[in-house]
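For reference, the chain that follows is the form predicted on its own, supplied as C-alpha cells.
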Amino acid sequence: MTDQINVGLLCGGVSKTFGNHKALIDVSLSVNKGEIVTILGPSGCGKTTLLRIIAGLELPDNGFVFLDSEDITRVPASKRPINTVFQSYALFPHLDVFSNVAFGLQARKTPKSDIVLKVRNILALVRLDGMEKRFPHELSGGQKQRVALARALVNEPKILLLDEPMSALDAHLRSQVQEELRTIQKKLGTTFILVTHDQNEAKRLSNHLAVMHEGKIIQFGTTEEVFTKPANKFVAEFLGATNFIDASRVSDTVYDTHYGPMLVNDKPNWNNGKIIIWPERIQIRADAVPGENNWFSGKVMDRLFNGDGVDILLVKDSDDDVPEKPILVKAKPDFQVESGQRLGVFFPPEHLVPLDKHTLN
C-alpha cells in the first residue's frame, strides 16, 4: 500500500469518535508529493478533525497515517515534519515578526547564523522583508497571515497543513493571498493540504479535491473531475450547481425532460434520474431552433449583474404560471436582455452531467 513512489501521505481507514459523535468514519486519503490537496465540506463534516490527526494533534480510534512510507500514526506532533497554519494565525503578540518566524528554529537549537539566514530568506519569499521588527498589532490581516505562513515554512516541513487560513480576510485580500500561496508552493515544492468550505478557493488552488460530508470523503479526484462530474446531488449542490433537471431515458442517448428531448454524451446508469448543467455552460441566443434536441424557448424572469457577468433567470415559455425553480444562465457582462424577453436556450450535450446517485446515498 505504500509502494507508490509519488505518494507522500497515506491515510487509511481513519475513524474518530468524540462521545456519541462520529467525527470521522473509515476515511482514506492519498496525497502525492508536491501538490495542493483541498479538503472541502460544510462545517462539522470532519475536515478539521482529519487535519488534526494528520498533524498528530489527535489520535485516531482506528486506521493509520503514513508519511513517505513510514507509519506516523502514533508519532507525537512535535516529532512529525508537518506544520500547520491555523485560522487565527496564533502569532505571539509579544514577539516581533523576526522572532515569531524564528521561534521554531530556536526551539530546535538551530545555530544563530542559520536562523538569521533562513528567516531572512523566508520573509523575502512571503514579501515581508523590511518588516522584521514589527509586532503583530502593527500588521494588516494579510501580513499576519504571511507571518504565520513564514513561521510554518521556515522549518522546511514535508507537509504544510492550512486550516481555513484565509477565512478572516476580505474578498480582495483573500484572492491576493490565494495567488501568493500558489506561487510559494510552486517555488518550494512543499505538499500543501488545505481545509476550506470555500468552493472558489478550492477551485483556484487545488490539484486534487476531497469533498467531505458527515465524517466521510464522498468524492475524491482532480479538481476538474470533481467540479465537472460531481458524484451525487450533495456534491453538486455544495459545489454550487443550481440547474437540476429530471430526466427519463427514451433511447440510448436521448432523454426526455421538462425542457424537451435532450442528447446526453455521458450515458447515465439509470432510466430515471437527474442531470445537471453549470450556468456558464448554457448557450443563449435570440431564438430557439425548432424541433432540435437540447433547445427550448425560455422567458426571462430576471437579470442580475454579479460583478463578473450577468445572471439570467428564465423559465420555459409555457411555465408562466408554474412556480418552478427557473434555469440559471451566466452570460457575459455586455449581454443585453430584459425581463419578459424570450430567448433560445441550448444545453450542449457534452456539458450535461448525469448524477449517478440522485441522493447522497
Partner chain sequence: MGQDSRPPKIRAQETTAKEILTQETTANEAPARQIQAPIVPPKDKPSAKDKTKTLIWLGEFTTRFSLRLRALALAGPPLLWLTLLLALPCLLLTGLAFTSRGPYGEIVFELTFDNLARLFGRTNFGWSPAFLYIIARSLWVALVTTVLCVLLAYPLTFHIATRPAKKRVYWLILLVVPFWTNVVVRAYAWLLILGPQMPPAQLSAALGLIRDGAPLYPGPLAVYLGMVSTFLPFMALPLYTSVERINWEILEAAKDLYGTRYMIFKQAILPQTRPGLAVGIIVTFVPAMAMFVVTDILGGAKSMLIGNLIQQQFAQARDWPFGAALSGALMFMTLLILAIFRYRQRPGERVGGGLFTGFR
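Because the structure is predicted, anything quoted here is derived from the model rather than measured. Residue numbers count along the first chain shown, from 1. Only the largest set of C-alpha atoms that superpose within 1.5 Å between the two forms is called the rigid core.
Omitted here: the form predicted together with the partner chain. The next part is about that form.
The unique member of 143, 176, 88, 167 whose heavy atoms fall within 4.5 Å of the partner chain in the predicted complex: Of the listed residues, the single hit is 88.
Given that the partner chain is left out here, which of 196, 190, 155, 219 has a heavy atom within 4.5 Å of it in the predicted complex? Only one listed residue qualifies here, and that residue is 155.
Honest question, do 295, 299 and 326 all end up within 4.5 Å of the partner chain in the predicted complex by heavy atom distance? No residue of the spot touches the partner chain in the predicted complex.
At 4.5 Å between heavy atoms, is residue 107 in contact with the partner chain in the predicted complex? The answer is yes: residue 107 has a heavy atom within 4.5 Å of the partner chain.
So in the predicted complex, does residue 80 come within 4.5 Å of the partner chain, heavy atom to heavy atom? Flag for residue 80 set to yes.
Can you check whether residue 57 is within 4.5 Å of the partner chain in the predicted complex, heavy atom basis? Heavy-atom contact with the partner chain at 4.5 Å: present for residue 57.
With heavy atoms only and a cut-off of 4.5 Å, decide whether residue 131 touches the partner chain in the predicted complex. Judged by the heavy-atom cut-off of 4.5 Å, residue 131 is well away from the partner chain in the predicted complex.
Using a 4.5 Å heavy atom cut-off, which of 230-238, 200-208, 72-80, 272-280 contacts the partner chain in the predicted complex? Contact-bearing stretch, as computed: 72-80.
Core superposition between this form and the one not shown, C-alpha change of residue 189 at least 2 Å: Moves: no, less than 2 Å.
Flag for residue 96, CA shift 2 Å or larger between this form and the one not shown after aligning core: Yes.
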